[in-house]
Structure formats: C-alpha cells, structure tokens
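There is one chain below, alone, in structure tokens, taken in the form predicted alone.
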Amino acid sequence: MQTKAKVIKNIEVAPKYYRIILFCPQIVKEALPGQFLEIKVTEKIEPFLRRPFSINRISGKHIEILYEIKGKGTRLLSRIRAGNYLDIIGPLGNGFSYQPKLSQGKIILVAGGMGVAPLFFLAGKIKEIKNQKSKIKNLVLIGAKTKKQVLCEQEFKKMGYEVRIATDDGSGGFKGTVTELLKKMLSDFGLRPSIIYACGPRPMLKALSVLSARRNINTQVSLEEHMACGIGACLGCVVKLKTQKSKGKIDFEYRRVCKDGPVFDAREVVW
C-alpha cells in the first residue's frame, strides 16, 4: 500500500549510519521479516526514483529503518527531521520462512554490513515462536570492514542471541570475513544448524551458499540488488535461478528480486 508516514525520529547511530522511525500503523499490520519499503526521499523531481530499505524492526505502530549514507538519496533522507512526512510503499517482496519446524534446532543468522537490517526483524520473530524451554542458544554472526561499522551487536545480545563478530582489519573479533568465521565455527565446534539465514553483499552470499551446500545446510539468503520500482514492473533486478530438473537436466529461469524475492533458497541462485 502507499501511504504518508510521519517521521518520529531520524538519528545517526554510527558514522554515516542512521535509524529512522516511521509511524505507519497500516503497514505494520502486514509487514514480515525480509520485506522492504520503497521510500520517496524528497518531494522534488530529483532524485526521481524511490529508494528501497529493509524493515529493521517493528515497535508498536512504528517501523524502524536502518540505513547507510551511500549516495544522494540516502544523504537527502538523513536530513529529514522529526514531524515531516515521507511517501512510502510497502510492505514489498517475499520475506524469510521461519515456521516452528525450522526453529527446532540451532539457528544461525549471518549478516554482512547492512545485512543486519532485515535479520534483526527476523531474530525477533524467531524468538517469539521458539520453544522457551529450549536450551539451544541461537547464533548471530556479524561481519564488517572495521569494528566501528558493526551494527546491532548489543541489540541481538539483549534479545538472547550469542553474537560473534568478524572484521576485515581485525579491529574487532575474528580477523577475516564473516563467511570464514562461519566455516571455522562449523569445523572447530561441529555446529550442525537446522537453518542459516543470511543477508549481505553478493560475494559473501555466494561464498556462504557454497559452504552450506557442501554441508547440506538449509540456507535462505536475502539478496541486495538495485531495485528501481519495487513491484516487479521494470525488470531491473532479475536474478538467474535453477529450477526443477527435467529428465536429468537443470533448467533455469529469471526471477525479480523485488517481487519474487528478495529472499531465495541459496541452492537455487546461480551466482
């Protein structure tokens, strides 16, 4: 649906990283983890296209968005003040599958950079349906270039998740990529998660999908693509997927990340 959302707060939470809180009760009722909003960042003609943002958290009748200043659109969004209104469309896309049957074993969430945004919303939903008597503690792995760019670490911990950090420069936690950290933990500690949920840059998701396929671990990935319209009309965000085998042959088809995703089974994506 398209609506005008009142800006309650828009604050910097780390250098170049912001959290905006929007009052939009209509969308709150329908939103699911992994879905996103298309936001018109200005009333002016330029920039013409809306910007897509994952839903980071639902609190009462409010939606929270976590974003990084990366270009003109996000720079303009960071200047929006409380009390103003934003034209938004949402919730859009198909999100994560998180049924109780997937939550019986250990769950691992793997985030690269801004990939923490949709995974935090998912973590809250998993906690709601998880058997409270279970002694299994779910795990969140967060990767970033430096320690200063690690987001939502304390928030995940407050929710009851075990959190491990990986940084490229070694300034925080494991030195290396978050996928390398996952590989080490699977090997050293013999982890056998029931499912992995992941979001982050495409190279990270590709490496993770190879790793999980070798170990036969069910894995869902949320793809980060340039989405112009957000409703599947422009075909600017298509991704190639494997389909069911026909007489021993693997067929392929193209799907729209915004409309058919952004969440896909990692085994189906042609990286």
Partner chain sequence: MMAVNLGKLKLKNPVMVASGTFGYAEEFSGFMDLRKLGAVITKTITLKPRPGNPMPRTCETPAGMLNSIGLENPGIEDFLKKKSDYLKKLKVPIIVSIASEDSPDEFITLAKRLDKEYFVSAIELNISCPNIKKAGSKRKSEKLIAQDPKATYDLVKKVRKATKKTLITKLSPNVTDITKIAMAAENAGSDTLSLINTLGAMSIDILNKKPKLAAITGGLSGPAIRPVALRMVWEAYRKVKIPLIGLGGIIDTESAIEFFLAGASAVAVGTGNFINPKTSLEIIEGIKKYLSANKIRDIRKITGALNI
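Numbering follows the first chain given and starts at 1. Treat the numbers as computed from the prediction; the structure is a model and nothing was measured.
Not on display, but discussed next: the form predicted in complex with its partner chain.
When contacts are defined as a non-hydrogen atom within 4.5 Å, none of Ile11, Ala14 and Met159 contacts its partner chain in the predicted complex.
The closest non-hydrogen atom of Ala144 lies beyond 4.5 Å of its partner chain in the predicted complex. Contact check for Leu235: a heavy atom falls within 4.5 Å of its partner chain in the predicted complex.
Residue contact with its partner chain in the predicted complex: Met1 places a heavy atom within 4.5 Å of it. Contact between Lys206 and its partner chain in the predicted complex is not found at the 4.5 Å heavy atom cutoff.
The candidate stretches are 58-66, 23-31, 44-52, 214-222, and the one lying within 4.5 Å of its partner chain in the predicted complex by heavy atoms is 44-52. With the partner omitted from this view, the residue of Lys72, Lys137, Lys175, Lys148 that lies near its partner chain in the predicted complex is Lys72 [heavy atom within 4.5 Å].
The listed set Leu92, Leu86, Ala117, Ile195 contains one residue whose heavy atoms approach its partner chain in the predicted complex to within 4.5 Å, identified as Leu92.
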